[in-house]
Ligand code: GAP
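Shown next as C-alpha cells: one chain only, the form predicted alone.
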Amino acid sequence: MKSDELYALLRRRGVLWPTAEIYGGAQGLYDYGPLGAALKQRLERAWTAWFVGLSHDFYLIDPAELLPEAVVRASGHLENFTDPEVVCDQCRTSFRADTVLEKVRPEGVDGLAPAEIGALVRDRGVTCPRCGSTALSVPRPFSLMFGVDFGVAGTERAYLRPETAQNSYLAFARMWDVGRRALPLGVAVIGWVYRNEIAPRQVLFRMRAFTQAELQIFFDPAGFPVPFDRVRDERLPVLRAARRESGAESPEWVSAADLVAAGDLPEFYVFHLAHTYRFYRDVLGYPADRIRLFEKSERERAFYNRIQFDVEVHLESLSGFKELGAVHYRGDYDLGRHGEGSGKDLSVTRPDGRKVLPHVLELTFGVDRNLWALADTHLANEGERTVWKLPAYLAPVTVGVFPLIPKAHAEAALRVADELTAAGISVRYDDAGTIGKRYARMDEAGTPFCVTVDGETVAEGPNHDTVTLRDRDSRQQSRVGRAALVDRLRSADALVRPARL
C-alpha cells in the first residue's frame, strides 16, 4: 500500500489526522484519534513490559518536558544538535540535505561535512524539489531545538527537550538513592519530544512533536554481566558498516556468538541488540526478513555514541528500510558532561570501594514510527476485505460486541459489553448496519475478536447464555459461554514478556 493510501485509511478510521485540521493542518504535527491513542498506549505498554521488565532495577519515570539552557549546553545539543539545511536561491524554500539528495545518496548524509554535501549537490546536478532550480546553496547547520522564554521576566532561556534521554541522566543521582544503590540501574522515559524539523515529511517519520520511549542503562564499565547464553545462538540480520561501505545493502545472518567473537562488540552490547531484535520480531510481529540491524560508522553515528546499530524495517509504503529504533553505547559522555555542567560528582562507590562514573547503554524506540510501521506491515487486502492483523495484545480494541438484531438483542449485548469492560477488556459496541459491515469495520480497525449476541443467548435451552465468538484472522466462529468469555479474551490479550536478567 502506498503512503498516501495508507494515510488516507488511517485518517478515515480515526487513527490519526493533522493537528488543527479545520485550519488546514500544521506541518509536522498530528493528532491521534480513539484507535491511534489506544494503539499508542498498547505499544508503550508492550515496550515497558519488554525492556523495563528486564530487571527489578529498571524503573519508569515521568519527568518535565522543559529543560533549562544549562542542561542542553552541557549535553552538547546547543552545539551539535543540527541538521544540514539547503536553501533554494530561486524559490527560497529550505530543505534537509538528505531530502534533496535521497535519489543520488539513499543512505543519507550522516558524517559528511557541509562542503562534501555541497559538492554532491553541485556534481550530481541536484535540483530543487519544489521549483526545479539548480541554484541550491551550500548547506549550513540548522538547530533543531525549540527555545522558549522562561520565567516571569522572560530573561531566562529554556528548551523543549529534543530527546527523553537527558531526563534520565539528570535523574541518575536521585534514582541511585531511590533504588538499591546497585548497578546496572535502568531509568526509562516515555514521552513527547520536540524537534524543529527543516522539512517534516513521510507523515509520522519526520515530525516536530513525537513520542519516544528510551531506556538508559547505567553500568560499571569494569563489567556488565548478562545471561549471554540466552542469545548465543540467535541469528541476527546484521549489516556491518565495513560491508555496507563496500557496496552491500542486504544484511548477513550472523549468530550473536559470532558477533562477539569478531572482537569489536562486547557481550553486553550484543545481548541487548539481540533482545531488541526479538522485540521487533516476536512482540511487534515484523517479519524477520524485513528487519535489519544497521551499523553506523564512526563518521555517521551520533556525536555521543561509541557503538550504534539502528533497527530498520523495510516498509512498502515508504519504499525501503526505515529506522524504527536503535541501540547506542554512549560511554561516560553523558554523566561526564552533566557532572561538569552542574558541578556535581555523579560517580558512585561500588561494593569493593571503587569509585566509578557509570557508562550508559541506551535502547531507544520511536513510538509514532512504529505505529505507522505496524499499519504498513500488518494491514492486508484479502479480496474485498481489508484486515489489520495486529497481535491481540497490541490491538486498539480487543473485542467488538454486536446485537444480531438491535431491537431484540441490544439489552443483552450491552450487558455483555459492560461485563467485559468491567473485566478490563477493551470493547467497541456496534449496532449499525449489517453484521457483515460491522465485521468489516472491526477487521479494518485490527479488532481480533467479535462477539455476537443473538436469540440463542437470551433463549432458554442448551445454548442459553452463550454467544458467538468470531476470530478476525481465520473468520471461524464458535459458541462460547459467557462465563468463559472473559478468560478466553484475557489469555489472547496477554503480553509477551522477557525473562529477567
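These numbers were taken from a predicted model, which means no experiment stands behind them. In case it trips you up, residue 1 is the first one in the sequence shown, and so on.
The following text describes the form predicted in complex with ligand GAP, which does not appear among the structures shown.
Asks: Wondering, does I307 line up within 4.5 Å of ligand GAP in the predicted complex on heavy atoms?
Replies: Close contact is absent here: in the predicted complex, I307 is far from ligand GAP, nothing within 4.5 Å, heavy atoms only.
Asks: E323 versus ligand GAP, in the predicted complex: is there a non-hydrogen atom within 4.5 Å?
Replies: Yes, E323 is a contact residue.
Asks: Just to confirm, A165 within 4.5 Å of ligand GAP in the predicted complex by heavy atoms?
Replies: Looking in the predicted complex, residue contacts with ligand GAP include A165, since a heavy atom lies within 4.5 Å.
Asks: For R292, is any heavy atom within 4.5 Å of ligand GAP in the predicted complex, or not?
Replies: R292: no contact with ligand GAP in the predicted complex.
Asks: Among 170-178, 256-264, 364-372, 125-133, which stretch has residues with heavy atoms no more than 4.5 Å from ligand GAP in the predicted complex?
Replies: Every other range fails; the passing one is 364-372.
Asks: Just give me the single entry in R206, K389, R240, H338 that has a non-hydrogen atom within 4.5 angstroms of ligand GAP in the predicted complex.
Replies: By the 4.5 Å heavy-atom cutoff, the listed residue in contact is R206.
Asks: Among the candidate residues E234, E300, E85, E197, which is the single one with a non-hydrogen atom no more than 4.5 Å from ligand GAP in the predicted complex?
Replies: Checking each option against ligand GAP in the predicted complex, the one that comes within 4.5 Å is E197.
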